[in-house]
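Presented below, as structure tokens, is a lone chain in the form predicted alone.
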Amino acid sequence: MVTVLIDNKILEVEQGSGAGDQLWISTSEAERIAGISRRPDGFSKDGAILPAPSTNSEDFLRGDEIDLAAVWRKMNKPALSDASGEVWVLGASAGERAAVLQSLQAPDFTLPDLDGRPHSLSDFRGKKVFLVSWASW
């Protein structure tokens, strides 16, 4: 089993194996967790086509399995794992992160108040909010 962190979600992949810098999962799992589907001429994600290289296509495909980390890196996005290959993080590209920063919109999060009631930042959209954070380090 492999755990994949992507788009602020934690997903479990039953039939996955990670070794070194490779994350081999079924093509159906790649579509479920990352939105990457296999096409005759390569792969697609969100309508964008990523052609598979004609040389060394085994770098990406092995039967019905896809090296999701290799495809992710081909899209100029970071793919990192722990030493055992059991936990993976599939990150956003630098361009995607820059666009979020330019929007000046804070990401949504939910935290409990002192009484344990959860509050989300999105509950206060359109209102001025003062956030205070603290860390012990």
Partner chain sequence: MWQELHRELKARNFSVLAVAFDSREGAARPWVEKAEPEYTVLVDRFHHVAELYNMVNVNQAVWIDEKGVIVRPTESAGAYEGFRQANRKTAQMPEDVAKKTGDAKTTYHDALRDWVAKGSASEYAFDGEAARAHLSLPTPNVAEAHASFFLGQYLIGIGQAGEGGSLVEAASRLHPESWAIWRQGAGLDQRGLAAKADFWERVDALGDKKYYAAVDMKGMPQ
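Positions refer to the first chain, counted from 1. As the structure is a prediction and not an experimental result, all values here were calculated from the model. Definition used throughout: the rigid core is the maximal C-alpha set that superposes within 1.5 Å between two forms.
The same protein also exists as the form predicted in complex with its partner chain; that form is not shown, yet it is the one meant from here on.
Colleague: Considering its partner chain in the predicted bound form, find the one stretch among 102-110, 62-70, 24-32, 40-48 with heavy atoms no farther than 4.5 Å from it.
Modeller: Of the options, only 102-110 has residues within 4.5 Å of the partner.
Colleague: Would you classify residue 126 as touching its partner chain in the predicted bound form, given a 4.5 Å non-hydrogen atom cut-off?
Modeller: Close contact exists here: in the predicted bound form, residue 126 approaches its partner chain to within 4.5 Å, heavy atoms only.
Colleague: Report yes if any heavy atom of residue 94 sits within 4.5 Å of a heavy atom of its partner chain in the predicted bound form; otherwise report no.
Modeller: Yes, contact at 4.5 Å.
Colleague: Taking heavy atoms only, is residue 14 within 4.5 angstroms of its partner chain in the predicted bound form?
Modeller: Contact check for residue 14: no, nothing within 4.5 Å of its partner chain in the predicted bound form.
Colleague: Spell out, yes or no, whether the shortest heavy atom distance between residue 98 and its partner chain in the predicted bound form is within 4.5 Å.
Modeller: The answer is yes: residue 98 has a heavy atom within 4.5 Å of its partner chain.
Colleague: Using a rigid core alignment, state whether the CA of residue 83 is displaced by 2 Å or more between the shown form and the other one.
Modeller: No, the C-alpha moves less than 2 Å.
Colleague: Has the Cα of residue 98 moved 2 Å or more between the shown form and the other one, judged after a core fit?
Modeller: Yes, the C-alpha position differs by at least 2 Å between the shown form and the other one.
Colleague: Taking the rigid core as the reference frame, is the Cα of residue 9 displaced by 2 Å or more between the shown form and the other one?
Modeller: Superposed on the core, residue 9 moves its C-alpha less than 2 Å between the shown form and the other one.
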